[in-house]
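Okay, here we've got a single chain as structure tokens, the form predicted alone, with questions on binding and movement later.
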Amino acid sequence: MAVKVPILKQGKVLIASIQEDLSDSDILDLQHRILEDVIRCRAEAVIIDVSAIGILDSFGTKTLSEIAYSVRLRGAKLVIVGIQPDVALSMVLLGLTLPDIPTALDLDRGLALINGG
């Protein structure tokens, strides 16, 4: 299976930039890889950039929540960045939420949020 989402390491931060809509198996693969990389890289934070995603369904939302809680249990922070306006509106209309998961407009603001700014 080809890696669909690269996970880059920037200091103690892992950045996963989703560049296309993902299948359920792709998002589960991303979940597994992020959780392994948090430990392997001793990451203190993870940023998931979803700015290229046009649709975020209930399974994707649930899996992002699971990733966030699992990362937190492993001692790192997680921020989701780049939720597009149409995606945000669709999520609200469908009742999909990301409770207690910090979000930011873009990568720069996500990094600032992680660094306490």
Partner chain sequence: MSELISSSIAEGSGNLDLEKIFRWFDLTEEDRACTVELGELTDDVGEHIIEAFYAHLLNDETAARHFRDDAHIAQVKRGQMRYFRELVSADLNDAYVADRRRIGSIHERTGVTPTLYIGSYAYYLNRLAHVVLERMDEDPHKAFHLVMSLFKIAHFDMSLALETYVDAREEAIQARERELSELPTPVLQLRPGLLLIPVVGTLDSHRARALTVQLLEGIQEHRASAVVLDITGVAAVDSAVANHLIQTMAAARLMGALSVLTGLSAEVAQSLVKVGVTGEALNTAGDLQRGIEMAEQLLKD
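Positions refer to the first chain, counted from 1. Predicted model only: the values in this text are computed from it and were never measured.
The same protein has a further form, the form predicted together with the partner chain, not shown here; the description that follows concerns it.
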Answer with yes or no whether residue 70 is in contact with the partner chain in the model of the complex, where contact means some heavy atom within 4.5 Å. no
Looking in the model of the complex, any heavy atom of residue 92 within 4.5 Å of the partner chain? yes
Touches the partner chain in the model of the complex: residue 15 (any heavy atom, 4.5 Å): no
I'd like to check something about residue 31: if you look in the model of the complex, is any of its heavy atoms closer than or equal to 4.5 Å to a heavy atom of the partner chain? no
Heavy atom within 4.5 Å of the partner chain in the model of the complex: which residues of 74 to 97 meet that condition, in order? 83, 84, 85, 88, 89, 91, 92, 93, 96, 97
